[in-house]
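So this first bit is one chain, no partners, the form predicted on its own, shown in structure tokens.
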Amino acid sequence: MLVTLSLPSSTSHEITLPLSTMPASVSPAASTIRPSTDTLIRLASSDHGIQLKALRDVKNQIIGNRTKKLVYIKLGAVPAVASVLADALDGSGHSSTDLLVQSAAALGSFACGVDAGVRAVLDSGALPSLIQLLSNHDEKVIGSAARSLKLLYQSKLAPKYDLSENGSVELLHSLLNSENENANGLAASIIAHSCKASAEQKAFCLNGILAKLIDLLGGSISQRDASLESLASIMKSNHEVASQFVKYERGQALNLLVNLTNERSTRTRLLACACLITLRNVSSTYLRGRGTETKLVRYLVELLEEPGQVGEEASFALSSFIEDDEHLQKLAFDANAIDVLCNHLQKDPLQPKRLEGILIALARMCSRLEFCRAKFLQMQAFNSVSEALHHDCADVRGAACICMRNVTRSVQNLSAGFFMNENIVIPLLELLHDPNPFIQLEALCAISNIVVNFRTSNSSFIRWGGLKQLVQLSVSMDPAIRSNSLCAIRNLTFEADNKCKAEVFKELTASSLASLMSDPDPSVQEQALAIARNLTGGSLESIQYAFAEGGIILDAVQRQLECASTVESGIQGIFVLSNVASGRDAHKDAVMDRLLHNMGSGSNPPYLLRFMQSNDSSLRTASLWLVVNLASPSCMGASRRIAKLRKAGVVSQLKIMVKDPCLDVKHRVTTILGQYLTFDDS
């Protein structure tokens, strides 16, 4: 299963206050002060000077220190700071202004990058107080509140901004119109956070926000960047809003956006590229004839080289642009994107977010085109992907699995057994026990590719305990885990030798396989039937698996075909019967008995007839293979079985299918009717 990624919003950063609001000096002991209840006592003091020093002590300690931040949150410091803020709002004078600035800054620091901090700030009821500060007459207070609110609205936990509330539209307009760049940035964060659904995007557009954002594209660097972030959110997947933007002032907004990709500021260039990608994803016609796609790819590859946040986010932007589009992936290949990404991948160390972005971008590059996979493997960067499977960060492990899944689609390297390597397989097997279900699924997908057996043996995979783990996961409570583990077993048994089939059948057991065919989830049913198809194909010895434990597998296949919920289940089940019918007379008769057992019931026609009449050509073809094997003239009971098929109406249906639009079906029908005529003549 492929994973979809969008350009992330600006990474949270700690608040740095203007020099005039900072203490003149920080004593050496300040950095060694430990969180304690004494701090809470000082925050509750009636002396504003003591409160102010306590606020500064707290803020200075938690900046960049996640551990102390969590300790202070547990002590209850956030409600105490919120109380200082609320009391200061009721006061006046210079001391109250300093308390407003410092308490707002402290709350923002608590919310920066820590979900527990965001929850604590929201639970403390400080959000309305922070919003109230935006109307303060002091620019330092407004700036401090705006920075803190921006950090809050960068979290998924923050509430959405409701434009239907009184004064909300006016407040947003005032933020966008403000000369305070922190206020502009806050507006951008609010819009980006609250524009998720089409109705929300339209509401922002109808209230004049779109026009104001377009005006800000001509403002300062900070205003442009804030506008670009908001525009990407307000237009995402929304044809109506995107169309309004493109048509604005006869295309002037679009032209300005394209021009911003040439700005000196790398941040501005990246955000402009992200907006154009958003437009292109809504409709490729918006950028047609401009050569913009080629330029966008080139710009993004150049931005990959940038240090810090810009280079980090450029990889995510490139990923979202080229995903599921071979043409764009080819453009990125021609722009040497793989070389640049691999060179960065092998640099040590990389920040987790940057490493994740590089792995995702490489995964997208290798998702479809074999020459991209070949280029990646030539760059000697595959070991770095394997190492990333052990990374402490779950997002990096997940990205490494996605990259591994797409790279291991390479048929050429699968045939050579390149991926059946303990340095690749064992880390993936370990991830089957990862606490994150998404990582488990991606690891299963990569394993499913690796175990496809073209010319190499899968004995190593079984020896490493891979088969045992897949069988254990086949009874998971999560249907996606069950389905994907069975998919891996299905690929393991694809054209497998008798030894491998015996190992699988021993571990999986006939009763478990039959039970999985009746699983509530249709995809699990399909995979179980496909495993039975692979196990029973190829030799007389393999056919016997269908008759194990009193024919429990054959009976289960019969039940599923009578009420097949999907076309794929029908195809796989029919091929199981076809495999069995390719055996001796006894095998063919066993299939015939099950196939026509409800002929005399007078209810529904036999499922074979229903499948022959299906709108799906693959199901019709599979049904004909079964008829071919049942009517094979090399077996003595062929005439008897043909007579039964004729009585069931199969021959009449075959004559109708002579004019089938599918050439494969027509060819197969001609072959079968030829066999029947031979028996009629004799």
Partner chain sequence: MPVRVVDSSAPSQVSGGNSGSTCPQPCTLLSVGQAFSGTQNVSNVQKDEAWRVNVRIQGFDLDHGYLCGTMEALNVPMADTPVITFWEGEIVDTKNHTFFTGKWEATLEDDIRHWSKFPSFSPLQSQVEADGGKSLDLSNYPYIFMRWKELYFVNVGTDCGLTIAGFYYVCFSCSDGSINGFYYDPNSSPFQKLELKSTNEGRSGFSFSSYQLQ
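Just so you know, these numbers come straight off a predicted model, no measurement behind them. Positions refer to the first chain, counted from 1.
If you look for the form predicted together with the partner chain, you will not find it shown, but the lines that follow are about it.
S.K.: Could you tell me which stretch in 528-536, 467-475, 393-401, 348-356 has residues with non-hydrogen atoms within 4.5 Å of the partner chain in the predicted complex?
M.R.: The contacting stretch is 528-536.
S.K.: In the predicted complex, does residue 632 have a heavy atom within 4.5 Å of the partner chain?
M.R.: Contact with the partner chain, yes.
S.K.: Hey, in the predicted complex, does residue 569 get a heavy atom within 4.5 angstroms of the partner chain?
M.R.: Output for residue 569 is no: heavy atoms all beyond 4.5 Å of the partner chain.
S.K.: Taking 4.5 angstroms as the cut-off for heavy atoms, does residue 555 touch the partner chain in the predicted complex?
M.R.: Output for residue 555 is no: heavy atoms all beyond 4.5 Å of the partner chain.
S.K.: Going by a heavy atom distance of 4.5 Å, is residue 412 a contact of the partner chain in the predicted complex?
M.R.: Residue 412 belongs to the contact set for the partner chain.
S.K.: Work out which of 161, 299, 494, 333 lies within 4.5 Å of the partner chain in the predicted complex, going by heavy atoms.
M.R.: The residue from 161, 299, 494, 333 that makes the contact is 494.
S.K.: Name the residue from 452, 122, 260, 596 that puts a heavy atom within 4.5 Å of the partner chain in the predicted complex.
M.R.: The option sitting close enough to the partner is 452.
S.K.: Using a 4.5 Å cut-off on any heavy atom, which residues of 571-589 would contact the partner chain in the predicted complex?
M.R.: Going through 571-589 in order - heavy atoms within 4.5 Å of the partner chain in the predicted complex - the hits are 572, 575, 578, 579, 581, 582, 583, 588.
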